[in-house]
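In structure tokens, the next block holds one chain alone, the form predicted on its own.
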């Protein structure tokens, strides 16, 4: 398993917990962190002692999404062609996440940006602190959604609410997420991680084969659709990343100014 202090992996009582441990950088995710999370998912899926997996962050921040500086550095190296985007750590992580056979639980406090929100669409139970704020600013960066969120978000929120979230990219708060079914319960931030752990332990005490089969049956109708949409999004994402709007958005971000899309 790859290791990085920015992702802590702890297993106890049948529950594997992945903790974003980069609060000084708003838990923004680097390529090394994607590799660590993908390795952890792969190992947890194969480990009979693990019956449930939990994602959690800091009480003030879940994740600010991709680390922009690291993201640009990796992009500058030149990545694989769109047809083989699955070779990149982020796409490997997303595919393992979508196909993870055991229950996935998340505890979300503070901002959950980009993939910090889209990964929740693949979790089975999500608990939020009342300070949680979810945002999907892909269009604002000249990009398109990922993690099959262009498929799953309209199914969950309805088309018009999903369009508002994805086209405008404006944050929505914990109560709104509860209303549309993105989260199961909203609690004070100080209680959120403990609640997720308690629910995970309840799951871990149940028969694993029954948990896995029930999850498989619930997701069976859309598993292939999710995989296909992820591949389609990956190709579009790579194409847009090379376009003028994304270049302007990321340049503006690094220069700490508002982007100007008037020519994009």
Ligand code: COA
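Positions refer to the first chain, counted from 1. Keep in mind that this is a model prediction, so the values were computed, not measured.
Another form exists, predicted together with the ligand; not displayed. Remarks below refer to it.
**Q** Is there a heavy atom of residue 226 lying 4.5 Å or less from a heavy atom of the ligand in the predicted bound form?
**A** Residue 226 lies outside the contact set for the ligand.
**Q** Spell out, yes or no, whether the shortest heavy atom distance between residue 189 and the ligand in the predicted bound form is within 4.5 Å.
**A** Answer no; every heavy atom of residue 189 is more than 4.5 Å from the ligand in the predicted bound form.
**Q** Looking at the partner-bound form in the predicted bound form, is residue 25 within 4.5 Å of the ligand by any heavy atom?
**A** The answer is yes: residue 25 has a heavy atom within 4.5 Å of the ligand.
**Q** At the 4.5 Å heavy atom threshold, is residue 65 in contact with the ligand in the predicted bound form?
**A** Because a heavy atom of residue 65 falls inside 4.5 Å of the ligand in the predicted bound form, the answer is yes.
**Q** Would all three of 114, 253 and 256 be in contact with the ligand in the predicted bound form, where contact means some heavy atom lies within 4.5 Å?
**A** Affirmative, all three are within 4.5 Å.
**Q** Report the residue, out of 106, 141, 97, 148, that has at least one non-hydrogen atom within 4.5 angstroms of the ligand in the predicted bound form.
**A** Flagged contact: 141.
**Q** Quick one: from 61, 36, 54, 203, grab the residue that has a heavy atom within 4.5 Å of the ligand in the predicted bound form.
**A** Checked against the cut-off, the match is 61.
**Q** Tell me which stretch of 119-127, 173-181, 98-106, 133-141 has a heavy atom within 4.5 angstroms of the ligand in the predicted bound form.
**A** Careful reading of the contacts points to 133-141.
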